Structure formats: structure tokens, C-alpha cells
Ligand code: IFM
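Next up: just one chain, as C-alpha cells, the form predicted on its own.
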Amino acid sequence: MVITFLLVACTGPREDTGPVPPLTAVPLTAFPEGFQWGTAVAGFQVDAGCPTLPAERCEDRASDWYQWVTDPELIGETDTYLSGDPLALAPGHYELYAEDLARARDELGTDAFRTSIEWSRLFPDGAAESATTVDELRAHVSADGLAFYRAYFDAIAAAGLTPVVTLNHYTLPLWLHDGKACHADLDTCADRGWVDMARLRPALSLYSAFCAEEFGGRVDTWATLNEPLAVVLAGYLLPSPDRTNPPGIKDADVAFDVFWNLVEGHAAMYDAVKAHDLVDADGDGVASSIGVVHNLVALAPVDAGEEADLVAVEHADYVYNRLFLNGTVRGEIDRDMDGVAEETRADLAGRMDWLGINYYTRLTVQGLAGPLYAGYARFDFFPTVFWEEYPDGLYDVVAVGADYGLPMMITENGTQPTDESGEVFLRPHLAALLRAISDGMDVRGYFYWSLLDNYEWNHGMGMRFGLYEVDTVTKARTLRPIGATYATITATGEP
């Protein structure tokens, strides 16, 4: 199985790949033939909560996020903003995935599925860090974890769904990142995750290489990271009730070091997968297509008549949307955020075959008299509205992505069940996306977040984004009206 039209754009034309959706400037009334419709989940958020399997098998207890949401002392702290919801409330996708995949295919009419691999489910033991080659690393793999992912990807194929697989969707093995210890004191904690790139980079590369070798015959389209900016903001710069990631500290210099470490991490993962995944799921020898999933925001000024607020929009676009892409696509490093790259690195540039866009919100920003954080020139704005559902903003963020000349997919876009019918959120967002395609922007697929109600990080089950409502006790799935609307759209191609 191949996202054929995606691989064509990334690896050069092949005569046997079928039609490529044309770029067009002609208004469209329906999405082009071959457009991918999908849903998205993430391993940590959906795996736990198995109805019959033992919790210690169902839950991945070796990750920093497991520690983060289950440790009683962390839950009791006021600055971690943790719900305390037990993971037993999660949807149990680890056990019920075959049924969920059938729903995605038969009831929603989708043909693609985005999911993730949990590093610590494959390598729960820190002994894995002693490995220097993939063969050595294989000796440390969890037999249960490996069997699960083989069966999982086989089931995705059997369901007729094209997998898009994220290698690192926030979580790190606890042996690489002790979020609790680093929350208490970053200077003294031993396992510092993204802060300690000298240690993380080789482990990250080897993990990515292992996944490429092991699952490359089942997976053709990879994402390295999910929402790197969210890792920075919620973990190191501005943890808040809206989101707090481990280690949940506030240190601008550390945060922006982590930002550039994520750029380097993406490049290392990209190179590792390219070197080790040389056969696609059809067995025809086409190398994998690798991208990153970046959370982009639409922007508006507090006062459109105020020059400082208009500049704030420009600067927020640079910091939030473009800085990471400049690093991964062009190799440009601008550590002081003054808009001028201090260096351009060939070892970082060009590490992107496609761009995944997560879009949820428009930020309204206000200009400041000077930088919010000393030494970071263009961080001279402050968001006054953090969460606003703004359908036309999907057009705006696709236009940002189009500036980088890459094929794109909307890898997440969704809402809590305030839009029961799909008429308020879903159809307007897809209409904006169709306008972008009509204007020549190269978007190849759309993945709704999420297939299921899931464990929404520090919120636990307190936020519900699923097309399917999940009963936290029985694990029954019930299709919401917005899910039925999505099925109609996938069948007709009309927003």
C-alpha cells in the first residue's frame, strides 16, 4: 500500500503510479480524485483502557507521559494541571483496534489512518541505550511490543487503510526522560530528554532506523515528530491549564535550545529512516516518504488599525509557523529570532518530503514594546485569544505551508462535540481547504482528529474529540452525528 500521489511528488515520476491530482487555479466543487480521507489517533492517547487485557500489558508504563499523568505527587502539584484521570478510562484501542479500523473503513468510508509508535513499548528497558547498531538494538526489543506493532500494521493493511505513522508523538522512554525529576530540578536530573541532545540523538536515530527496517515493508509514509512547538511551549516555556507536558518548567533559554534540538532530532530521524527503509509496502523498492507534523496557527491583530499589532501578526507567524520549517526545509538557524539566520546548515536542509499540518485555532496577538523574552527579538507579541475556531484559517495555514514547495496533508483538524452535526465546524473547514486546493495549493489528504474520544494528555478524558463517543466503562463506541456527516463527505468528496 502506497500513498501513490504523495510518493510521486517526493521520489520522482513513475509510469505505474496512476493519476496525480493536478494543481489547479479553477474553483472546485469537490475534492480531486485520489484525495486521501482519514482519521488520526496517537498511541499513548488511545492504547490504555483495555476491557479484558491486564492493565500492565495494555498500558505502556515505561514512558515519561505514563509517569506524568499517574504519579500522585505530580498530580497533587498545582503547576502541572493534571486531571488525575486514571488511564483505565481510555478507549482500549490496544485491544480493540481491529474493530476501530473496521469502523474507519466501513462506517466512515476513509482510506487512510494516522497513528504512532510508542518508543517505550518497543524498548522499555534502558539497556537498549547500550546498542550502537540496529542489530544490537534488536536484542533489547520487547517481544510483546514488537508482536503488537506487526499485528497492528498488518490489520491496517487488511482494512484497506494506508498508514501514516508518527515515530515520536510527544512521548519518550522514561530511561531517557524523567519528567518528574526534571520538573523538580532540571539542573540535577539525570535523564533530561530533549534538553540533552548529545545523549538523545544517537538513541533517537537508532530507534528510527529500527522502525524503518522492521516496519518499512508495512509503512511507506512516516512523520518524525508531532507538534514540536507544543513540546517546547507546554514543556519548557509556558505550561498552562490548556496544556502541560513533562517536565512542565518555565525557562526561555532552555525552551529555545529544545526548539533547535527538535530541528536536529527531525533531521537525524529523517536520515535514519532514509538509510534503513528501502522497500515500500508494495515491495517495489521505492524509498519511504518522510515529513514532520507541525501545528500551524492562523493569526489576527487585536487592532487592525494599530501598526504594532500588525507587526505582531508578522512576527508571530515567523515564530510559531515558519521558524521550525526554515530549519528543517532550508537548514536556516535563527537562534535570536531576529528574522536573519545566523547560519545555514547543509546537514539540516532538505530533510522533508511532505508537510503535515495540524490546525485547530486562530490566535489574536498584540504587539509589545519589546521582546517578551530577552534576547529573542521577534518574540515581541502576546496572544490575547488562545483558542478560537476559525474555519477560514485552514486556508491561511495551508498558504504558509505552500511557501515551502512541499506536498501537504492536514494531519489533524477537529473539535469537541460542540458541533454535533458537522455543519458549524467540519464543512466550513473543508470548504476552506477546497478553496486552497482550487488556488493551486498542493494538499493531498485530510485526517480528522480524532477517530475516538481519547486520553487528552493532562486533561485525561475531560476533552472529547472523537467522531466516535467512547463509554469509559464499557468501551462501547457510538458514532456521533459529526461522524455521519464526515462519512457523507468522504463518499461524495463535497464539503
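Since the structure is predicted, the reported quantities are computational estimates derived from the model, not experimental observations. Residue numbers run from 1 along the displayed sequence.
Unshown form predicted in complex with this ligand; subsequent notes refer to it.
- Here the marked residues 68, 192 and 250 all miss this ligand in the predicted bound form; none has a heavy atom within 4.5 angstroms.
- Just one listed stretch, out of 365-373, 164-172, 73-81, 180-188, contacts this ligand in the predicted bound form at the 4.5 Å heavy atom level, and that stretch is 164-172.
- Among 97, 360, 324, 215, the residue placing a heavy atom within 4.5 Å of this ligand in the predicted bound form is 360.
- The partner is absent here; in the predicted bound form, the one residue of 353, 317, 227, 118 having a heavy atom within 4.5 Å of this ligand is 227.
- Using a 4.5 Å cutoff between non-hydrogen atoms, residue 439 does not count as a contact of this ligand in the predicted bound form.
- Contact annotation: residue 469 falls outside 4.5 Å of this ligand in the predicted bound form, judged by heavy atom distances.
- Remark: residue 243 counts among the residues lining this ligand in the predicted bound form, judged by a heavy atom distance of 4.5 Å or less.
- Shown alone here, residue 334 lies farther than 4.5 Å from this ligand in the predicted bound form, counting heavy atoms only.
- Residues from 406-433 that approach this ligand in the predicted bound form with a non-hydrogen atom within 4.5 Å are limited to 412.
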